[in-house]
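We begin with a single chain expressed as structure tokens, specifically the form predicted on its own.
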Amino acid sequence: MTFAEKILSKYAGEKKVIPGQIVTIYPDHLLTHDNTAAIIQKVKNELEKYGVYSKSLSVIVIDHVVPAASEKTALNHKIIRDFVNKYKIENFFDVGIGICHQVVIEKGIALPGKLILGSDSHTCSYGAVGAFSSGIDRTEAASLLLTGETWLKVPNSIKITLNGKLSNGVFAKDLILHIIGDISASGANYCSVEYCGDVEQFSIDDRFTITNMGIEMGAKNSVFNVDGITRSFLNSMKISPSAYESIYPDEEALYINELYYNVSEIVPLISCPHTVDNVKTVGEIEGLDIQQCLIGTCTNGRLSDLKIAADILNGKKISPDIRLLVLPASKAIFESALKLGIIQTLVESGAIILPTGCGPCLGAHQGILAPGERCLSTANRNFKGRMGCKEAEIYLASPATVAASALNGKITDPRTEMKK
């Protein structure tokens, strides 16, 4: 069996499952965020009558519009806090702790062999540490709150083998953009994507970036097998090996597709408007004027991402025509970046530091674009209107490409700045 088949058979209590089979499962955790307010309203009467299935099931993070941008938002936050207090929800992270997906991994909630569902499409991120994680809709989330139970269709699996080593100036973001550009935004629809091969070069941060964007190729789940990199990361968090059970695919597992990439051939890439799979090399559109840059989000807001940007911006000033927004993925990352002088370097270059959260990524709060403007972002989506304006354009790239471009006020190959 593949990874997905093995873990779903375990949670379904079946000896074996096959793609297309419907299984009933009890996930370890259910993630919700600011949308918790809307979800609990769906089952308000049932909650009053029956209560929640488990006070440890829910993981609730307020992160999408922080701090509250309006009275309506503030009321939603209050509704969530009242719900948490009333039902004694154990895993609650209020404004300022971090972006939900970062928090779930950072707090040791996502572990190898665990099954986590969330009412957010980028829940697939937790495959970075060997978990099966996937997004579900709000109605399913509401039902899970009450029953702890839901169903899943066993996905087909795709095996992606990565050979070679990334070149200098090329990063995990470029790799995942290359793959999405190759197979398309629907190339892995309702599939579990397994990465293998020369993966020891990828840190947990790198793997997080890659699995986070699994949904951008339609994947139900995206995962790296547990290895020394994973175990070292978990050990650094003081998580005992006895706290989790790693699950590996069988050598004779059957895949619907097997893909191979020589990563040493990949160059800096950019996803152009208005679809993530509209991928071009930086060289193809180098020199295009931009007005705003964003470094952060659940895709590339980790300490290593901020350091990559700071190394390029160190001792330099961004273009006066650019607004550079920096958004650490969590409070812990922000604190570490402060201690290491990374934040000071970014601020001195002209960057604006935003509170940890999701706001500008989805056009909900801070960093909204105006008609005709272009933003170069490390986020995961560039759909029309994604950053609050249907007449604006969003380009996606690595933190290095965004930092280099911020210096020049136009799309720039990061390798030119890294050589200086």
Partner chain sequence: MKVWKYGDNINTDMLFPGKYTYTCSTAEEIKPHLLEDLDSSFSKDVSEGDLIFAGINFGCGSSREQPVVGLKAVGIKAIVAKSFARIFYRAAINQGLVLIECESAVKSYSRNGDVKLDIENGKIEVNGKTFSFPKLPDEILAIRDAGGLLPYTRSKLKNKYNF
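Numbering follows the first chain given and starts at 1. All figures in this text were calculated on a predicted structure; none of them were measured in a lab.
One more form of this protein, predicted in complex with its partner chain, exists but is not displayed; see below.
Considering its partner chain in the predicted complex, the lone stretch of 160 to 168, 238 to 246, 67 to 75, 315 to 323 in range is 67 to 75 [heavy atom distance within 4.5 Å]. The closest non-hydrogen atom of residue 86 lies beyond 4.5 Å of its partner chain in the predicted complex. The shortest heavy atom separation between residue 230 and its partner chain in the predicted complex exceeds 4.5 Å.
Proximity of residue 198 to its partner chain in the predicted complex: non-hydrogen atoms within 4.5 Å are absent; the residue sits far from the partner. Its partner chain in the predicted complex comes within 4.5 Å of a heavy atom belonging to residue 362.
Taken together, the three residues 22, 385 and 388 all lie with some non-hydrogen atom within 4.5 angstroms of its partner chain in the predicted complex. Only one of 138, 331, 107, 307 lies close to its partner chain in the predicted complex, with a heavy atom inside 4.5 Å, and it is 138. This chain is displayed alone, yet in the predicted complex one of 100, 210, 215, 346 has a heavy atom within 4.5 Å of its partner chain; that residue is 215. Contacts to its partner chain in the predicted complex (heavy atom within 4.5 Å) from stretch 182 to 215: 185, 186, 189, 190, 215.
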